[in-house]
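Listed next as C-alpha cells is one chain, alone, in the form predicted on its own.
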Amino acid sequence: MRYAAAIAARRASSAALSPSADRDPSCDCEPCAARAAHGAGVGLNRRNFLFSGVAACGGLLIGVGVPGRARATGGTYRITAWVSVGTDETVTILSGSQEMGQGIYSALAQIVAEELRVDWPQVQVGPAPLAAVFDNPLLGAQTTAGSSSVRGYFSALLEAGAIARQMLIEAGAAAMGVKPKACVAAGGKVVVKATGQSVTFGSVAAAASQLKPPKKATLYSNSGFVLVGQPVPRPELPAKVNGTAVYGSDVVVPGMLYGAVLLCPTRGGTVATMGPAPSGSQAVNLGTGIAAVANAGPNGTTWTAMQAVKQVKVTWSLPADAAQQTSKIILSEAETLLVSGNAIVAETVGDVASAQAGAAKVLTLTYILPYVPHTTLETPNCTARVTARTCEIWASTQAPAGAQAVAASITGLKPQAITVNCMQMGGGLGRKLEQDFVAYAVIASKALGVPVQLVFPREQDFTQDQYRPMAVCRVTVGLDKSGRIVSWDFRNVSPSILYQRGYIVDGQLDDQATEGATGLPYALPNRLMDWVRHPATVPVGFWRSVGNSINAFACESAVDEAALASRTDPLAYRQGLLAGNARALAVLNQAAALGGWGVTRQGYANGLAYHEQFGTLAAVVVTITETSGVIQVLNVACAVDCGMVVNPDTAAQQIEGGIVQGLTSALWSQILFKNGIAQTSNFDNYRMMRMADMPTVEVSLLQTPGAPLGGLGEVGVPCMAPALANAWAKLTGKRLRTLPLFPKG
C-alpha cells in the first residue's frame, strides 16, 4: 500500500508539526525531525496529530502513563490518558485496540464521547501508545483479538469519558465563577444550568489539564445513551478512501532500506549456507530464512529487494520430521488418534455411555477440516530501527506488547528502550498477533545498523503462515424413539496453538481447540466433549473465530443430521432443543423469517445453523441453487444478538465481512502440505470470493437490554460452513462432511 499520495501526504503533514517536550532527542524519524527543524508556534491539525503525533511516534504528543497531571503540547492538552482537547475544539480520543478495518476507532471513541458529551464532528481518534493504562481489562493486555474490544473496554471507557468531563466542568465552572454542581456538559461546552452561560472545552482545556483526576465520576449514561447506538461516520475512512491512510507498509523513516524475506520452504528448516547477495543489495541470515535488503538510492525499493532475495543461493537444514509433514500422513494420524488418542475431557454432563447404550438409534459422524491460511490484504511487514541504546518499531500489529518483548529478546535492550508504533492494518484476522515479521525486521536492522522495512512477498505470506489448525471431529449422537437427542459425544483431534507456543504442556487442555463445542445452548442431557492433541508440527495460529469455526461445522452439521434422522424439520428440531431459551429462540426465528425458511422453490434449498460465541448469539440461513454441479449461494440471512450495539453500521459490517470469509473458507479454502512444503503459494491457485460469487447478505441486529455485551468481529464466520453443508444436503441429498466443500473451485 505504498501509494505516492500516502507518502507525499505523510511528508507534508510532518513538516507542519509543532515541537514536543516529550521528544526523544535521539529520534530522527520524519515527524520528530520536522518538529526539531520547524520549532515552536505551529498548531496541530487532525491529520498531523493522527499520522505523525500518534501513529508514527508512539503517542509522544500526548504523553504516556497513568492519568495524572497532564502535559500540554502546542494547542492540545491532555486531560486524562485517554482524552486530549485542543484549543481548536477538537477532542482526541485514543484507542487501546488497533484498527484493522473493523471500525473499532468509531466504537471505542463513541463510548468515551458518550460520557464526555461532545459532538461527533469534534472527535478525532488515534492509537494509544503502549502502556498498562491502555490494556484491555478483559485480556489484561493491549491486544486486539477475541472479539474483545467493545466488551472489554466498555465500562472503562465510560468511566474515562466521565472523568474527563468532570475535570472540564470543574475548570469551566471556575472560569465562569460558579460551582461545578451548577454546570453540565453538552456539545463540547460547559453550561450553567440556570442561566445558559457557557464556555467551550477548548477554552478551559489548559486549566483542566492541571487538575487532579477524580477517582470516580457519575455516569450520565444511566439515563440513556445519545451517541452509543447510533451509526456515526467512521473517522478513519476518509483517509482510506483518498489514499492518505498510513499502513505499516507505508512507513517512511530517514535512511530506511527496503527488504524482503525468503524463508525455508520446508517448515521448521533453517539456513545451512548462504551465498552473497546480488549487486545493489545485502543479505541477512534470519536463522529460518534470509532477507535481501536493497541498498540506498533511487533503485532501492521493495520490488528490487523482492527480486534480489530470489537470487541469493541458499541451502537448507531440514527438520527430521519433514516427510511426516504431508497432508495425507497428518490426516491418517488424526484418524488413528480419533480412535485411540489420549483424550483430555473438556466437559462432561450426565452419563453419556449409559444413555448411548440405551438409545434407539446412534449416529456416528466424522467431519474433516484442513489447514487454512489468513491471506490478509496487507502482507506481514515491519519497519525497525535498532541502535546501541534504542529500538523503534513501526508495525501493523495486533499485539504491540509482544512486538516489544520479541525486540527486547533480540536486541538485549530493556523494554522501556523499545518504542512500538502501531500502524493501521490492511487486515489482521489473527495473523498479526504473531511476531515473526517483527523479529525478522529487528534482526535485519541490528545486523545492518540502519532502519529496515521488511515485507513478506505474497508467496511467503502463503507458505510461511501460521494456519488455522486442521481437525478431525467425531460426533456420536444417540437418539430415542421420538428422535430426541439423549447422548452427545464430541471428540476433536487437532494440533494445539497453545502447545506450539509453550503456553501449555502435554496433557493440558487447549481451550482454543474446544471453544464452540463446550457449553452448547441446546438441551443435551448427557454430553461429553474431549480433545486429542495432534503432534503435527505445521505451525498453527489464531484465525478469525479459531476453534468456533472448526467445532461449529461439526456441531451444526450433526444437529441437522439428527433432525433428518428423526424426520423433523431442522428449524423445528432446533426450536425444541432451545425450548425455554427466549433469547436464543428470538435469534433463530428472526434468521428463519429473514431467510424465507419454509418457502419451497424447485431447484433451491435453504440451510440453517445456530451458534453462540464470544457472548453473542447468531443464526444464519443460506439459500443456494446448483448449476451444472456448481453451487451458487444466492442469499445469506443472519440474525445476531450481542446484548447492545454501539455502532449499528460497523456492527453489521463486521458480520458481513465475517460472512464473506466464512463462505470463502467453507467453499474453497485449504493449504495442503508435501514434505513440509505448502502446495499453495499465491492466489493463482487459491480460490477467493469474487464479485460474481457474492450473495445478497441481510443482517438483523437484535438487542437484549441488560444482557452482557458480546463480541462481533468473529461472529459472522462459524455458521457459514454448516449452513452451506446443510443446504447442499437438502438440495442434492448428498451430505458433505469434509471442508472445503468444493476444493476444485
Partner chain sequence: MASLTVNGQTYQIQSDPSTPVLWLIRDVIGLKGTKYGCGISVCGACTILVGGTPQRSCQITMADINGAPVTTIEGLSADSSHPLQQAWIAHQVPQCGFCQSGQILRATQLIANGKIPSDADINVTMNNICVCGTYTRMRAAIHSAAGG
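What you see is a predicted model, and the numbers here were worked out from it, not measured in a lab. Numbering follows the first chain given and starts at 1.
Form predicted in complex with its partner chain: not shown, discussed below.
Figure note: of the listed segments 275-283, 168-176, 649-657, 441-449, the one touching its partner chain in the predicted bound form, with heavy atoms no more than 4.5 Å away, is 649-657. The closest heavy atom approach of V314 to its partner chain in the predicted bound form falls outside 4.5 Å. In the predicted bound form, none of the heavy atoms of Q679 sits within 4.5 Å of a heavy atom of its partner chain. Contact between R458 and its partner chain in the predicted bound form is found at the 4.5 Å heavy atom cutoff. Taking non-hydrogen atoms only, N299 approaches its partner chain to within 4.5 angstroms in the predicted bound form. Checked against its partner chain in the predicted bound form, the candidates T514, T80, T92, T379 yield a single residue with a heavy atom inside 4.5 Å, and that residue is T379. A single residue from the set V505, V241, A194, A388 has any heavy atom within 4.5 angstroms of its partner chain in the predicted bound form; that residue is V241. Shown without its partner, the chain has M425, G426, G427, L429 in segment 408-443 as residues with a non-hydrogen atom within 4.5 angstroms of its partner chain in the predicted bound form.
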